[in-house]
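Below you'll find only one chain, the form predicted alone, shown as structure tokens.
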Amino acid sequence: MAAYIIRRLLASLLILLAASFLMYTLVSFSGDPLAEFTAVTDPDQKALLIENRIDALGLDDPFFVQYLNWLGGATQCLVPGSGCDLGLNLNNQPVTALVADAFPTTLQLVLAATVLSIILGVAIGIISAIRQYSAFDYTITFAAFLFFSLPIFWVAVLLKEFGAIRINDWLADPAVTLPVAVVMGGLSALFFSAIVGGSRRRRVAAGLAAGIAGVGVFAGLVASGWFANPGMGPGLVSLGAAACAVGATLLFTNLENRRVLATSLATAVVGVAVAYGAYGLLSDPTWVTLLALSALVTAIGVGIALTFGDIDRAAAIRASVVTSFLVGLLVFLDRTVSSFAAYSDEVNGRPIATIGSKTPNFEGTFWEVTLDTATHLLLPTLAIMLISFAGYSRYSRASMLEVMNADYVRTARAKGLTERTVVLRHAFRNAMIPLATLAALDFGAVIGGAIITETVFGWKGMGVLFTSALNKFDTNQIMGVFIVTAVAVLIFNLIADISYAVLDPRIRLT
């Protein structure tokens, strides 16, 4: 494994060198970095500006010397402690600093969107494959092709109008109007009629019941003032924690396995107890405090599994770890949402943001700052996720269908294994092998910036940095974005190759 990784890294360096030379050549000869001075009417000032730029960027050197100078500074980025020099842009700003500012912004956006797209797309694609030709399968197929065909700039604009502006207006005075009731009831009806199996009559009945229930629940939330001051409270958090424990148990075994179920439920109880026992610590915590509490709950859960798991100890440990993670996520969500009222007052009653990655000069508690980040991430993440989700769901469905018809899956069923074991242990892992390549390439590529999404939502990330450099023929700035994107693609390609051996033990990396 180590020898394989070293060889791949050396090969990646050669690929990066060749790609950087090709990119530098194309960019250098694509335009004139001095073109903006043609509009200057004063000859002396024009000559001075041109001379200063030529001296600052070394434009009077031969092309190959310019490339070697840039390469020498870029190579320092690969050596820890030697500094990283990607040159100056046309405004005499260090490109390294510009990329360092833009990269976290883009990473924050694409990380959330890509991870959610992969999780939801793969999960729904697998369920769609298992329930092939069902109402659920047809609904997901229609939605996937619909989202995949939509231009992302149009989706982003619609989300700004209907997902932010109109919702912010509605939140100022929540009311159950006829259009709102129809939308909520229709969404509930479509969702439940799609996921419920059986005859058409059963699906229609489930849809009608869900639609009526959805309108009723929504009206109750409006009447109680929940949208003005949302939150779950101890009761719903405890109920959600129990559901997380049951779900984790089903993931690794079944509900008849009392040991695993009991350890998962005990871990959920410990998680809720720690969350409300440390209520003072969680009023305005730090990430270190949250990680420490999460580690404490996980350690207690693993201890319970080790003590009472008996022969099912391995499954109990895995279920307890997943339960502690899900309960921690649930508590985190509850505390974040509970700060909604205070945050809304701070931003003049417009909590769902339409532009930028954060509210300028915003100060508040940990939860209010987290909510500010989340509300700014919501719409651009959703725009990217809707488009990417379609591809992942279709790809995972096709991969899963191919695997489910394989001989070893039929053999596993013939041995009497449960359907959950057949799907998760035999089919799922093999279906993930082609998806590992897709996810790695997709994630590495979007590091370069979701250009359209960043432009529509006013995010100053890698995409905007790249497009502004293209408009000015700014070679160093373009190369700064390129080198980060290229390194990300190469790294995630390597991760994909390593993941093959993890997913399929027959694959050996030598």
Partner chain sequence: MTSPLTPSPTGRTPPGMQVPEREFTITARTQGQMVRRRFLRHRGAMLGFAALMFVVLISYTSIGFGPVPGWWGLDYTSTGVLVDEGNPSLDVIPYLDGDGLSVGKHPFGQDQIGRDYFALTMRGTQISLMVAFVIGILSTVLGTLAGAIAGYFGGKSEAVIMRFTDLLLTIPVLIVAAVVGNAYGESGPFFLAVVLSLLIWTSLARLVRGEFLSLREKEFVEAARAMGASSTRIIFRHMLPNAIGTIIVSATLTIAAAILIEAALSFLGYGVRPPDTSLGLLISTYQTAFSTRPWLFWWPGFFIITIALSVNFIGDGLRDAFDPRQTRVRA
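Positions refer to the first chain, counted from 1. Between two forms, the rigid core is defined as the largest C-alpha subset superposing within 1.5 Å. Everything quoted here is computed from the prediction, not taken from an experiment.
The next section is about a form of this same protein that is not shown, the form predicted together with its partner chain.
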- Interface segment, criterion being heavy atoms within 4.5 Å of its partner chain in the model of the complex, picked from 153 to 161, 266 to 274, 220 to 228, 69 to 77: 153 to 161
- Which one, L26, A47, A35, I54, lies within 4.5 Å of its partner chain in the model of the complex by heavy atoms? L26
- Among I495, I15, L9, V502, which has any heavy atom within 4.5 Å of its partner chain in the model of the complex? I15
- Message: With the partner left out here, check for me: in the model of the complex, does some heavy atom of N471 sit within 4.5 Å of its partner chain?
- Response: yes
- L146: touches its partner chain in the model of the complex, heavy atom cutoff 4.5 angstroms: yes
- Would W459 count as touching its partner chain in the model of the complex under a 4.5 Å heavy atom rule? no
- Query: Do F443 and its partner chain come within 4.5 Å of each other in the model of the complex, heavy atoms counted?
  - Reply: no
- Query: Any chance T141, T455 and V489 all have a heavy atom within 4.5 Å of its partner chain in the model of the complex?
  - Reply: yes
- Item | Residues in 214 to 229 close to its partner chain in the model of the complex, defined by a heavy atom within 4.5 Å, in order | none
- Message: After core superposition, I'd like to know whether T455 moves between the shown form and the other one (criterion: C-alpha shift of 2 angstroms or more).
- Response: no
